[in-house]
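Take a look at this single chain, the form predicted alone, given in structure tokens.
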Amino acid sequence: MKIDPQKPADLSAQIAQAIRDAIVSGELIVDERLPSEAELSDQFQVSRPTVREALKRLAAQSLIRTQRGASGGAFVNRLSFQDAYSQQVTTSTLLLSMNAVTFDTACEARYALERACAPMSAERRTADQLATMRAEIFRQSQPGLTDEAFCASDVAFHRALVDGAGNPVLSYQLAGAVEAMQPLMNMITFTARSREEIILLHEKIADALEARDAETVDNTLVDLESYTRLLAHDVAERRRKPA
């Protein structure tokens, strides 16, 4: 593991990258103890506070864990998909908010990814996942439910659909689509949407999943995408009109 002290990049960032690369390449394996701060300081020819900052960066990404005591130190972590979800959501949110991504582009990507899960979800969904979807539909129908709560329920409903595919890699990849894109879409369309219309579509999806009818799940997701795009266009049109 090496760094270039002549590069303008933060030295702690370089050290974190070097250790990250060693983990990814298999040079450092899961549960292996990293060299001590003093040893890393000597290896990279930097101060111990710089090493400490690099280790903090790696811990924040769940790549390492620290243990106290005589047998303690920093160890390569066994990263789970669940641990990585929040990073995926944060990255997706930033990409969508900081780049010129149109609503239609985001909507197209979000539903194309979710529809890819439909056949597997129809085959593999569990009773618990169906129960979650039914519970969220009931929650969405409650009078007085705030827009924020409706949005959170909407995300939970689609999260259950995606997780129903029973594929952790897909669930991870779709975390950004469902938990980042969906709230942003709701923020744009909530003033125009009909909760009743969305609930009807959600009920149709849940019924089709229970019947293991993948085609109807897919077709209903297409209908939901069309309705979402229509809402966004209506909102944009109203904003263009003078008050």
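These numbers come from a predicted model, not from an experiment. Note that residue numbering begins at 1 and tracks the sequence as displayed. Definition used throughout: the rigid core is the maximal C-alpha set that superposes within 1.5 Å between two forms.
The following text describes the form predicted in complex with the DNA, which does not appear among the structures shown.
Could you confirm whether residue 168 comes within 4.5 Å of the DNA in the predicted bound form, counting heavy atoms only?
No, no contact at 4.5 Å.
Give a yes/no on whether residue 52 approaches the DNA to within 4.5 Å in the predicted bound form, heavy atoms considered.
Yes.
Residue-level contact is defined here as any heavy atom of the residue lying within 4.5 Å of the DNA in the predicted bound form; does residue 37 satisfy this criterion?
The answer is yes: residue 37 has a heavy atom within 4.5 Å of the DNA.
Applying a 4.5 Å heavy atom distance criterion, does residue 119 contact the DNA in the predicted bound form?
No.
Since exactly one of 177, 185, 198, 46 fits, which has a heavy atom within 4.5 Å of the DNA in the predicted bound form?
None of the other options qualify; the answer is 46.
Check each of 231, 221, 11, 23 and return the one that places a heavy atom within 4.5 angstroms of the DNA in the predicted bound form.
In short, 11.
Specify the contacting stretch among 23 to 31, 185 to 193, 209 to 217, 64 to 72, defined as having any heavy atom within 4.5 Å of the DNA in the predicted bound form.
Of the options, only 64 to 72 has residues within 4.5 Å of the partner.
Could you check whether the CA atom of residue 168 moves 2 Å or more between this form and the one not shown, using the rigid core for the fit?
The answer is no; the displacement is under 2 Å.
Superposing on the rigid core, I want to see if residue 71 changes position between this form and the one not shown - specifically a Cα shift of 2 Å or more.
Yes, shifts by 2 Å or more.
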